[in-house]
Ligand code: HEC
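Form predicted alone, single chain, as structure tokens, below.
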């Protein structure tokens, strides 16, 4: 049963309403019967299967009842409300974004950059170490990450459908058994066991197999990962855990990659550009050195959503980060990242960003591990392309660039190309 058309998942989707959590209250009874009705009719999409999310995010009695009576009689709907209220869980504001970095929001993309480097433009002095010292978890973003539920988009935590039977039954029902164990004892080790069983089930059923932007089954891939992510998110809320275990962080990233497939796969529901970027940025904020980011999709989708400086920062961080090497398809990833820096940066900053990046690469080559022929060829091509892309932007941009700055850009490029050519 699809969540947007199932009991109480529609209620969750109604978080955009203006009702307060202290709205009209109905005197109800029989919470045990309400619990049974919830488990029977709603728990497939509510991953925790106990109504915790409805209580935690403060949905009003009238919202729950109004949605529930589409599927059950009014008396049963009222019993469900009685059950939800019996949980006595303190409610969060409706628009709470789970694990939002920082302590609030900044006004816009420009303000985001200013808080990082202390100036709205390119700083006169900037070092790679300064970039590495920035903790992404402490940065206030210019946009809110995914709310728990929003019926207007798929940019929320609530999935549109339960886990498919093929996943639950894969490998002798290992995932179904792991979920049952977790619900009996909601401990972190049992959650991680369930995530491992989920990964194994995905590897067996293979809805996500194929190219990242074109998986075999785009919507089932995304929805299944989002379902599992919602279970993990509720676990973090229950436990008060502020730093998720790495398998949870990986799951958040994978959910973003699933959203990429849904975005390019033309899923029937709305998959805006901000959805993949929000999931991936959330995971990245916890572990910016972990993800190889071969396709550069994190910055692409954040940029498409209208935040070029946020996107540029993720590319800069990846360029100077001594984290894992990228896949063989992107040898010498630092040079590929320079291209991403130039394409993600806003019109008033990309020339300065590229000049800085070329300078950093020139120094990096002096201490870098040996580059084989393939890596040198890829690095040379990327170094040339970074300036080519910039000159193309100059040609079509309304932002004027002085000849002196373009000359400085070409000189910075040529120094790097000469350095590459001199390598043994």
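Because the structure is a prediction, the values reported are computed rather than measured. Positions refer to the first chain, counted from 1.
There is also a form predicted together with this ligand; it is not shown, and the following applies to it.
With this ligand left out of view, choose which of 383, 54, 361, 390 has a non-hydrogen atom within 4.5 angstroms of it in the model of the complex. Checked against the cut-off, the match is 54.
Identify which of 397, 49, 31, 41 has a heavy atom within 4.5 Å of this ligand in the model of the complex; exactly one of them does. Partner contact (heavy atom, 4.5 Å) among the options: 41.
Candidate stretches 150 to 158, 339 to 347, 233 to 241, 248 to 256, one within 4.5 Å of this ligand in the model of the complex by heavy atom: Only one stretch passes the 4.5 Å heavy-atom test: 150 to 158.
Give a yes or no on whether every one of 310, 335 and 351 sits within 4.5 angstroms of this ligand in the model of the complex by heavy atom. Not one of the three qualifies.
Against this ligand in the model of the complex, would residue 229 count as a contact residue? Criterion: heavy atoms within 4.5 Å. Judged by the heavy-atom cut-off of 4.5 Å, residue 229 is well away from this ligand in the model of the complex.
Using the partner position in the model of the complex, report whether residue 144 sits within 4.5 Å of this ligand, counting heavy atoms only. No, residue 144 is distant from the partner.
Any non-hydrogen atom of residue 78 within 4.5 angstroms of this ligand in the model of the complex: The answer is no: residue 78 has no heavy atom within 4.5 Å of this ligand.
Does this ligand get within 4.5 angstroms of any non-hydrogen atom of residue 36 in the model of the complex? Looking in the model of the complex, residue contacts with this ligand do not include residue 36, since no heavy atom lies within 4.5 Å.
Along 59 to 80, which positions have a non-hydrogen atom within 4.5 Å of this ligand in the model of the complex? Result: 59, 63, 64, 66, 67, 68, 70, 71, 72, 80.
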